[in-house]
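Single chain ahead, written as structure tokens, the form predicted on its own.
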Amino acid sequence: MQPGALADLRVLELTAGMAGPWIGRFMAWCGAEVIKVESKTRPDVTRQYVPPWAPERGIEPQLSPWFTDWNAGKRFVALDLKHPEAVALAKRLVARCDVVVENYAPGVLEKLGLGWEELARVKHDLVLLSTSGFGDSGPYRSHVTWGPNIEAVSGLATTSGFAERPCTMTHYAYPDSLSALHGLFAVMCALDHRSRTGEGQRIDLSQLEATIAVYGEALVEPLVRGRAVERLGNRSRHAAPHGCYSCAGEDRWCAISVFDDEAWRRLCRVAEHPEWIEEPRFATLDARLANVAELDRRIESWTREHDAFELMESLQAAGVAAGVVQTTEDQYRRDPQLAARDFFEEIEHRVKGTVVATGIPLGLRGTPGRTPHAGSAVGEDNDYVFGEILSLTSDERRRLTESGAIEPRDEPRR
């Protein structure tokens, strides 16, 4: 198999959650050797997974789907970084790495003795990515955050939801994924700079700034018009009907968008309601926008009697923009586009044998990536990392384990 695009790169991760780990996940898929440091007292938060359909089974740290999604393909070591010898081992690892990714709160690395100045002495051309809620400067630098906090403080929450309801959260920690993708690009820029100059650098990424930067029109409009952006829910200022409409079955929906009068006439013919075409309240786009509540009621009285997929196909065949609001099962079992592009990836799992995960959508055709494994335990790769990379003897590893600097590998839970 051809080596991945980042096959010569080694990355050390001091991360948890999503904002940091997802960067390493992408790089590991591209062939980089990514080594993640955890400890048994501070494992990645995604390991605290309890299956919702069987809570009596308790925590299953290797079976978390989020752990697979954000950490598959990496190597894992267990170090107690409060132990001086563990910090020394971490520095030795840094000396053999190209990149360090961390998303601890600002100041934590310095307290551990692993701050930027110290790491730069260990590895002069190191690229260090530090990602936190507010960055490492400013009056809020010490505030500890996670994705939902940033949704609120960035203003994202105020633009989400329906006009008649309070503002809402995405329930996905959207700023985490935004900042991870910004961080991945920043690391690639820093590595390119290093390849030309031999210089390393530290990247200080603010998740708040990464979130605000994607607003565009929604950020500028209040400054221009002097009023807050209106929450539109699924509606649009430029199309009507425009929304997600209830269909037959439990929690089934079809999204429909009509931007001009010709598309409106086509929709009316598909719906077998030609009388809607001539009705003055709906005859033009401006009229439909002015009467959008009644329009939505009419459309949904029709859609709720039909299967979402059949409705989508009928509307698309007539030239009307429409699409099923897909469930995960729809995407995996029924979506011909995702199937044609082999989007879902089967991954060898340490415990389950094989699992299916969403693919990494980087589209590298010359150097396609892959995920070699998932479901590693805390300390899964202690022997490889400390034995082969750091060349510690078995006696040295045993002594460091007895001292508590290295923590033994967790026993798998099946």
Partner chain sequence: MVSDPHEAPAALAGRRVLEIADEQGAYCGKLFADMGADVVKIERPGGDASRLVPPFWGDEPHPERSLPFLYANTSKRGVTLDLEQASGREIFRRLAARADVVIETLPPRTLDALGLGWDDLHALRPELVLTSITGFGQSGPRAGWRSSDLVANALGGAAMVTGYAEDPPVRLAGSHAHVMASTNAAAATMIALHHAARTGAGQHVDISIQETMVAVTHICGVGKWLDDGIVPRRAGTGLFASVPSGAYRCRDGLAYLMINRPAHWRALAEWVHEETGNEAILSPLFEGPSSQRLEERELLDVWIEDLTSRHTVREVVQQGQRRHLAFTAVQSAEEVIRDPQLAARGFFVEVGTEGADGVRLPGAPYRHARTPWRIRRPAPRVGEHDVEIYCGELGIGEDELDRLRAEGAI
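Residue numbers count along the first chain shown, from 1. Throughout, rigid core stands for the largest set of C-alpha atoms superposing within 1.5 Å between the two forms. Keep in mind the model is a prediction, meaning the values are calculated, not measured.
From this point on, the text means the form predicted in complex with the partner chain, which you will not see here.
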With a 4.5 Å heavy atom cut-off to the partner chain in the predicted bound form, the contacting stretch among 88-96, 74-82, 225-233, 270-278 is 225-233
Note: exactly one of C247, L114, V324, L295 sits with a heavy atom within 4.5 Å of the partner chain in the predicted bound form, namely V324
- Should S154 be classed as touching the partner chain in the predicted bound form when contacts are defined as heavy atoms within 4.5 Å? yes
Exercise for review: Using a 4.5 Å heavy atom cut-off, state whether S206 contacts the partner chain in the predicted bound form.
Suggested key: yes
Q: Tell me, yes or no, whether S301 is in contact with the partner chain in the predicted bound form, where a contact means a heavy atom of each within 4.5 Å.
A: no
P361: heavy atom within 4.5 Å of the partner chain in the predicted bound form? yes
Contact check, 258-279 vs the partner chain in the predicted bound form, heavy atom within 4.5 Å, ordered by sequence, gives F259, R266
*Determine whether the C-alpha of V220 shifts by 2 Å or more between this form and the one not shown once the rigid core is superposed.*
yes
Practice problem: With both forms fitted on the core, give yes or no for whether the Cα of G155 moves by 2 angstroms or more between this form and the one not shown. | Solution: no
- Query: After superposition on the rigid core, does the Cα atom of A120 shift by at least 2 Å between this form and the one not shown?
  - Reply: no
